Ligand SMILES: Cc1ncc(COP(=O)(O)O)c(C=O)c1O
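Just the one chain here, laid out as structure tokens, in the form predicted alone.
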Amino acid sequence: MTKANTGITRRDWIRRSTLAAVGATLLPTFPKGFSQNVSNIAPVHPELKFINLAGNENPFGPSRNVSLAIMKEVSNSCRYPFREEKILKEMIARKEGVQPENIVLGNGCDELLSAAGRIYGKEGSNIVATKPTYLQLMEKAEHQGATVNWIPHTAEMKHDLESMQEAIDSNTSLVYICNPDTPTGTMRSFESIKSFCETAGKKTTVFLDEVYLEFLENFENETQVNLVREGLPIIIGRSFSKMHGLAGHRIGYTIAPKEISESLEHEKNSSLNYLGVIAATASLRDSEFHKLSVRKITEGRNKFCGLLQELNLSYTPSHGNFVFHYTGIPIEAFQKKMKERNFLVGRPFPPYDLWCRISIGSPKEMELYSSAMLQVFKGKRG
């Protein structure tokens, strides 16, 4: 009988054995009598069989360095992260070129958007925003009794900054801008956003949501954080959920003048989770993973846009980790077609009822999704 060739060299065997030993030392110690046999533990969600391309997550994270940091700290997750949160805030402040007092950490950027909605959404006030966009802040403001002055997109599906500026009145408590925007992925130039904020900032507060900006290779040249350093009433939102690949750990933050940051801190309704803080801290040090994320997402996005061109389907020039494209099919019907093929796609974004937002998944996920697209749009290929 011929001995099977496993393809594993002596060097591979030593490397794998070493990694296994290291991994074992990082695992938490279980109490006596506690079963460590995980082979019989059922999956948490055995019914989740769909490939999710609806959440704008980063499928390449967490990085190996972040995963190791989490494993090392698992046994400390019984603790509150008071000291660790202070360290993370100081690291972020150094990265952003501001003081720790300018940083507010939250359970994802969502918590801070909600806090801003409650602060600025007082009855009798109004919020200026475009639609569709990310709605968390405006929904909370409406619950408080504020009204929202919705400004439609331009024909290119971009923020109509000129009309938004004109819509600001004496009752406008805040303007919300997401740049790059979701679901369209479009963005306005650095100079146009800067000019808008400088003018609007004389009359009201601006919440500038930059959670997708880090997917730009020239991110440092596009952020408006310098406006905060100048003392303008600008709130900048960031998240570890996107480029850092830590959506499940729910860590986000805002950068704002001290007085605004104190209001946001006071309005928070929860504390951070220990492992999320550890993960975010480790990720800030992992610049190589950041470069990898940007490169892999850009490659996947460009490849998918190539398929859309072959299928003669229009799409917006996206600057995020997703693509917004025309289907010609009501979004609910398109969702159903894709769910039949085991994919979850973006939710409805009225008034673009014949358009769909697709998050960029792993190469294998996108390969499978491309096959599903070819099945649905057969005959449209150029």
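As the structure is a prediction and not an experimental result, all values here were calculated from the model. All residue numbers refer to positions in the sequence shown, first residue = 1.
Another form exists, predicted together with the named molecule; not displayed. Remarks below refer to it.
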property: In the predicted complex, N126 touching the named molecule (heavy atom, 4.5 Å); result: no
property: Partner proximity in the predicted complex: R188 to the named molecule, non-hydrogen atom cutoff 4.5 Å; result: no
property: Any non-hydrogen atom of H159 within 4.5 angstroms of the named molecule in the predicted complex; result: no
property: Contact test in the predicted complex: E96 vs the named molecule, heavy atoms, 4.5 Å; result: no
property: Interface residue in the predicted complex among I251, A256, A116, V175, criterion: non-hydrogen atom within 4.5 angstroms of the named molecule; result: I251
property: Among the candidates S283, S239, S293, T223, the residue which, in the predicted complex, approaches the named molecule to within 4.5 Å (heavy atoms); result: S239
property: Stretch in contact, per heavy atom within 4.5 angstroms of the named molecule in the predicted complex, of 224-232, 209-217, 143-151, 274-282; result: 209-217
property: Within 95-113, the residues that have a heavy atom no more than 4.5 Å from the named molecule in the predicted complex; result: G108, C109, D110, L113
